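What follows is a single chain, given as C-alpha coordinates, in the form predicted on its own.
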(Lines give C-alpha, C1' and ligand atoms only; values in the text may rest on other atoms or scores of the structure.)
Protein backbone atom coordinates (compact mmCIF):
# COMPACT_ATOMS: atom_id res chain seq x y z
CA UNK A 1 0.00 0.00 0.00
CA UNK A 2 1.31 3.43 -0.99
CA UNK A 3 1.74 5.92 1.82
CA UNK A 4 -0.77 8.16 0.02
CA UNK A 5 -3.32 5.49 -0.91
CA UNK A 6 -6.91 5.76 0.23
CA UNK A 7 -8.26 2.32 1.08
CA UNK A 8 -11.90 1.70 0.11
CA UNK A 9 -13.91 0.60 3.15
CA UNK A 10 -17.36 0.62 1.54
CA UNK A 11 -18.69 1.43 -1.93
CA UNK A 12 -22.27 2.20 -2.87
CA UNK A 13 -23.62 2.88 -6.36
CA UNK A 14 -25.98 5.83 -6.12
CA UNK A 15 -26.77 6.27 -9.82
CA UNK A 16 -26.45 4.10 -12.92
CA UNK A 17 -27.14 5.88 -16.20
CA UNK A 18 -26.55 5.47 -19.91
CA UNK A 19 -23.25 7.39 -19.86
CA UNK A 20 -22.00 7.35 -16.27
CA UNK A 21 -22.25 5.50 -12.97
CA UNK A 22 -21.88 7.46 -9.73
CA UNK A 23 -20.45 5.77 -6.66
CA UNK A 24 -20.01 6.92 -3.10
CA UNK A 25 -16.94 5.47 -1.40
CA UNK A 26 -16.08 5.53 2.27
CA UNK A 27 -12.28 5.55 2.41
CA UNK A 28 -9.59 5.10 5.01
CA UNK A 29 -7.07 7.93 4.81
CA UNK A 30 -3.30 7.62 5.30
CA UNK A 31 -3.62 9.40 8.67
CA UNK A 32 -6.07 6.76 9.95
CA UNK A 33 -9.20 8.88 9.61
CA UNK A 34 -12.07 8.24 7.17
CA UNK A 35 -13.74 10.34 4.52
CA UNK A 36 -16.12 9.98 1.59
CA UNK A 37 -15.42 10.26 -2.13
CA UNK A 38 -17.98 10.83 -4.89
CA UNK A 39 -16.77 8.99 -8.00
CA UNK A 40 -17.98 9.20 -11.58
CA UNK A 41 -17.31 6.07 -13.62
CA UNK A 42 -17.16 6.40 -17.40
CA UNK A 43 -16.27 3.90 -20.14
CA UNK A 44 -13.83 6.33 -21.79
CA UNK A 45 -13.94 8.51 -24.88
CA UNK A 46 -12.11 9.55 -28.00
CA UNK A 47 -11.57 12.80 -29.83
CA UNK A 48 -10.16 13.56 -33.27
CA UNK A 49 -8.03 16.43 -34.47
CA UNK A 50 -8.66 16.63 -38.21
CA UNK A 51 -7.17 19.28 -40.50
CA UNK A 52 -8.48 19.65 -44.04
CA UNK A 53 -6.27 19.94 -47.13
CA UNK A 54 -6.91 23.70 -46.93
CA UNK A 55 -5.37 23.80 -43.44
CA UNK A 56 -8.66 24.20 -41.56
CA UNK A 57 -9.28 22.48 -38.23
CA UNK A 58 -12.55 20.52 -38.24
CA UNK A 59 -14.72 21.32 -35.23
CA UNK A 60 -18.34 20.87 -34.27
CA UNK A 61 -20.68 23.41 -32.71
CA UNK A 62 -22.84 21.69 -30.14
CA UNK A 63 -25.13 22.71 -27.29
CA UNK A 64 -23.73 21.39 -24.02
CA UNK A 65 -26.45 21.15 -21.38
CA UNK A 66 -24.11 21.19 -18.33
CA UNK A 67 -22.76 24.55 -19.57
CA UNK A 68 -26.16 25.79 -20.85
CA UNK A 69 -24.53 27.08 -24.04
CA UNK A 70 -23.17 26.16 -27.45
CA UNK A 71 -19.45 25.58 -27.73
CA UNK A 72 -17.01 24.65 -30.48
CA UNK A 73 -15.07 21.46 -29.92
CA UNK A 74 -13.30 18.62 -31.66
CA UNK A 75 -15.50 15.72 -32.77
CA UNK A 76 -15.62 13.18 -29.98
CA UNK A 77 -17.59 10.28 -28.60
CA UNK A 78 -17.99 7.68 -25.91
CA UNK A 79 -16.35 4.29 -26.20
CA UNK A 80 -18.65 1.31 -26.23
CA UNK A 81 -17.59 -1.55 -23.92
CA UNK A 82 -14.63 -3.38 -25.49
CA UNK A 83 -14.46 -1.00 -28.47
CA UNK A 84 -11.08 -0.14 -29.95
CA UNK A 85 -10.49 3.62 -29.45
CA UNK A 86 -9.15 4.09 -33.01
CA UNK A 87 -12.28 2.49 -34.49
CA UNK A 88 -14.44 4.74 -32.33
CA UNK A 89 -12.45 7.80 -33.44
CA UNK A 90 -12.95 6.99 -37.12
CA UNK A 91 -16.68 6.43 -36.58
CA UNK A 92 -17.18 9.62 -34.56
CA UNK A 93 -15.28 11.78 -37.05
CA UNK A 94 -17.53 10.68 -39.90
CA UNK A 95 -20.77 10.70 -37.91
CA UNK A 96 -20.27 14.20 -36.53
CA UNK A 97 -18.48 15.96 -39.39
CA UNK A 98 -19.02 13.98 -42.57
CA UNK A 99 -15.25 13.56 -42.96
CA UNK A 100 -13.32 10.29 -43.25
CA UNK A 101 -9.69 9.73 -42.34
CA UNK A 102 -7.33 7.47 -44.28
CA UNK A 103 -5.40 6.86 -41.07
CA UNK A 104 -5.06 7.97 -37.47
CA UNK A 105 -2.14 8.75 -35.19
CA UNK A 106 -2.58 8.51 -31.44
CA UNK A 107 -1.45 11.79 -29.87
CA UNK A 108 -2.11 11.36 -26.15
CA UNK A 109 -4.49 9.80 -23.64
CA UNK A 110 -5.43 11.69 -20.49
CA UNK A 111 -7.88 11.60 -17.59
CA UNK A 112 -10.36 14.42 -18.06
CA UNK A 113 -10.92 15.20 -14.37
CA UNK A 114 -9.17 12.73 -12.04
CA UNK A 115 -10.35 14.45 -8.88
CA UNK A 116 -13.74 12.78 -9.24
CA UNK A 117 -13.94 10.87 -12.55
CA UNK A 118 -12.11 7.95 -14.19
CA UNK A 119 -12.89 8.97 -17.80
CA UNK A 120 -9.84 8.33 -20.00
CA UNK A 121 -9.91 10.28 -23.27
CA UNK A 122 -7.84 9.14 -26.27
CA UNK A 123 -6.88 11.99 -28.60
CA UNK A 124 -6.10 11.12 -32.22
CA UNK A 125 -4.96 13.05 -35.25
CA UNK A 126 -6.60 12.21 -38.57
CA UNK A 127 -4.55 12.03 -41.78
CA UNK A 128 -5.88 11.89 -45.33
CA UNK A 129 -9.13 13.68 -44.51
CA UNK A 130 -11.78 13.43 -47.23
CA UNK A 131 -15.55 13.86 -47.54
CA UNK A 132 -17.61 11.00 -46.18
CA UNK A 133 -21.20 10.78 -44.91
CA UNK A 134 -22.55 13.08 -42.19
CA UNK A 135 -24.75 10.97 -39.93
CA UNK A 136 -25.07 12.16 -36.33
CA UNK A 137 -26.83 10.07 -33.71
CA UNK A 138 -30.59 10.57 -33.46
CA UNK A 139 -30.27 12.68 -30.29
CA UNK A 140 -27.17 14.58 -31.45
CA UNK A 141 -27.43 18.01 -33.05
CA UNK A 142 -24.11 19.29 -34.35
CA UNK A 143 -22.91 21.73 -36.95
CA UNK A 144 -19.52 21.39 -38.67
CA UNK A 145 -17.24 24.43 -38.41
CA UNK A 146 -13.80 24.77 -39.98
CA UNK A 147 -11.28 27.29 -38.63
CA UNK A 148 -7.63 28.16 -39.11
CA UNK A 149 -5.40 27.72 -36.06
CA UNK A 150 -5.36 31.49 -35.56
CA UNK A 151 -9.17 31.64 -35.70
CA UNK A 152 -9.40 28.73 -33.25
CA UNK A 153 -7.17 30.55 -30.75
CA UNK A 154 -9.36 33.65 -31.12
CA UNK A 155 -12.38 31.45 -30.30
CA UNK A 156 -10.51 30.10 -27.26
CA UNK A 157 -9.92 33.67 -26.06
CA UNK A 158 -13.63 34.47 -26.49
CA UNK A 159 -14.64 31.34 -24.54
CA UNK A 160 -16.38 29.63 -27.45
CA UNK A 161 -13.69 26.92 -27.37
CA UNK A 162 -13.43 25.96 -23.71
CA UNK A 163 -13.17 22.18 -23.31
CA UNK A 164 -9.97 20.40 -22.29
CA UNK A 165 -9.68 18.04 -25.25
CA UNK A 166 -9.93 20.80 -27.82
CA UNK A 167 -7.62 23.19 -25.96
CA UNK A 168 -5.07 20.38 -25.58
CA UNK A 169 -5.21 19.51 -29.28
CA UNK A 170 -4.87 23.14 -30.37
CA UNK A 171 -1.76 23.61 -28.24
CA UNK A 172 -0.27 20.40 -29.66
CA UNK A 173 -0.94 21.67 -33.17
CA UNK A 174 0.46 25.11 -32.37
CA UNK A 175 3.62 23.58 -30.89
CA UNK A 176 4.15 21.48 -33.97
CA UNK A 177 3.69 24.46 -36.28
CA UNK A 178 6.11 26.59 -34.22
CA UNK A 179 8.78 23.87 -34.33
CA UNK A 180 8.43 23.65 -38.13
CA UNK A 181 8.33 27.38 -38.78
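Numbering follows the first chain given and starts at 1. This structure is a prediction, so every number in the text was calculated from the model and none was measured.
Just so you know, the form predicted together with another copy of the chain exists too; it's not on screen, but the next bit is about it.
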ask   = Check 53, 84 and 134: does every one of them have a heavy atom within 4.5 Å of another copy of the chain in the model of the complex?
value = no
ask   = Going by a heavy atom distance of 4.5 Å, is residue 36 a contact of another copy of the chain in the model of the complex?
value = yes
request  = Please check if residue 113 has a heavy atom lying within 4.5 Å of any heavy atom of another copy of the chain in the model of the complex.
outcome  = yes
inquiry  = Since only the chain is shown here, I'm wondering whether residue 117 would be in contact with another copy of the chain in the model of the complex (any heavy atom pair within 4.5 Å).
reply    = yes
task = Using the partner position in the model of the complex, report whether residue 94 sits within 4.5 Å of another copy of the chain, counting heavy atoms only.
result = no
Heavy atom within 4.5 Å of another copy of the chain in the model of the complex - qualifying residues of 27-61 = 27, 29, 30, 31, 33, 35, 36, 37, 38, 39, 40, 41, 42, 61
